[in-house]
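As a starting point, one isolated chain is supplied in structure tokens, in the form predicted alone.
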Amino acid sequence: MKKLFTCLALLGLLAPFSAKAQLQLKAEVPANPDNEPIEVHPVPHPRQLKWQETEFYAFFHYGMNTYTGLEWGNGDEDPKRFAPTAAPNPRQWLEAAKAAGMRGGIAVVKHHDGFCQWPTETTDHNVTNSGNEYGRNTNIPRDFAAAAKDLGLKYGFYISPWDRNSVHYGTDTYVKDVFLKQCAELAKYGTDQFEMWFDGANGGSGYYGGRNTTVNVDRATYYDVPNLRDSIHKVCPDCVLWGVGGEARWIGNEAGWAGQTNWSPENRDYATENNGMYGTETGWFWFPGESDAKATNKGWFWHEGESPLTPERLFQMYLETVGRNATLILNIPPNKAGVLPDASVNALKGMGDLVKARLTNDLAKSAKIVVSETRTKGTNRDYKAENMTDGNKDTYWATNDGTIESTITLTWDAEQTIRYVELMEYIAKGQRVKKFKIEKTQDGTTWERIAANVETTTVGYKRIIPLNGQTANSYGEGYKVKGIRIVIEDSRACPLISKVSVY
């Protein structure tokens, strides 16, 4: 018995019974000290959040097709046909994009014809066999990445999985020995790439190294996408893989518009491309939409006699994509000298001027903001209304759990002329708002609905409402008001609004 007592004492099990022992209880830490709202799944990966914040960026279709006049090369083009009349200048491309207010760009470095615009070890169908010195010295990914970094812009590359030149396409060796190696080569041009673009890749007719046949593949399995994603993310952790990569979806058209109702959740089923403009509220994956559109009136590649769209038309695209919870990738093709034509440069600057003039002077910052309810604050975080105008993307206003209907009211002492309302959800915790409306008052007492013909359903990352109800001629004379009220009528959970702006 004495031995048992000694053992228990050594183990500390008799300590509570000692006259000198003190009972000490460890204070319990609350499970949610900041009273943060729970996530509404699915939610974005951090790299998808950074991608969405890019909002508006350029697409540069340049390559073999620039010199053949085709949109889709067959793959049998002589590399000597790639013969720039001057040294291609990616910096000039990106300077024009920056003037338009874009935050980055994606360069086409390999299209369906398989011609690679960098010295690659995977194929002879590349710039080293070009028809002149300018061509042989071309390295688009090298020069594009360097220029983007110098200009403070994001950058990425378009590389077609479909290769109409490769004799290996459709076989077991193509993905491993050609496509994945090309992606790995491109990843080495910068570990901070924000997007890698994989176009439609089901195959079709082509040269295929002289086979001159039709090859069709099942892109859902052929390209070994899980391994592709893992391989790219090890080198470029913030790089989103568009299309085949399964991290951002095609918005479903090439006309520069997304649905007014646009959910970021969607399912990774290629049949859902037909629903790309809208997404699916109950989708299993965070699969946000990107709208690819042309800023010129002909093809994706440069063609003789083409003209740019007007700045007003480009601004309309901006409202119908960035302003509808999508990103906009706007294509401007370089010409045979490897530069953007002056007319395109001027159109882009004109668009940028419109965005600055119309969506910069935020009247919400001088408004008095009153909300119907504010979530109880936590130890280190509050959810006050002022969070919506503090310029901090990481703060937000919220209601308490269970409250899905709410109002945000902004008023001014003096009359204001307004044309747009912008809303942003805190999407790190999921997309929530399902239905809202906007009301205005001229006397501070009587309220009436405005923009009633606009489908005010989803918000998502960003929603811009033209208050005259139209995007084609959205500016107009505006409305003279002393107050604006946003009424959230339905939400998947308590709404989280990170920004409200009035222009």
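Residues carry their position along the shown sequence, with the first being 1. No experiment lies behind these values; they were computed from the predicted model shown.
Omitted here: the form predicted together with ligand FUL. The next part is about that form.
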When the contact criterion is heavy atoms within 4.5 Å, does residue 235 count as touching ligand FUL in the predicted complex? no
Taking ligand FUL as it sits in the predicted complex, is residue 56 near enough to touch it, meaning that at least one heavy atom pair lies within 4.5 angstroms? no
Might residue 111 be said to contact ligand FUL in the predicted complex, defining contact as any heavy atom within 4.5 Å? yes
Interface membership of residue 199, ligand FUL in the predicted complex, 4.5 Å heavy atom rule: yes
Which residue, 320, 292, 143, 77, is the contact with ligand FUL in the predicted complex, using a 4.5 Å heavy atom cutoff? 292
I need to confirm a contact call. Of 300, 174, 286, 420, which residue comes within 4.5 Å of ligand FUL in the predicted complex, counting heavy atoms only? 300
Per-stretch contact check against ligand FUL in the predicted complex, the hit in 69-77, 180-188, 385-393, 87-95 (non-hydrogen atom, 4.5 angstroms): 69-77
Which residues within 334-363 place at least one heavy atom within 4.5 Å of ligand FUL in the predicted complex? none
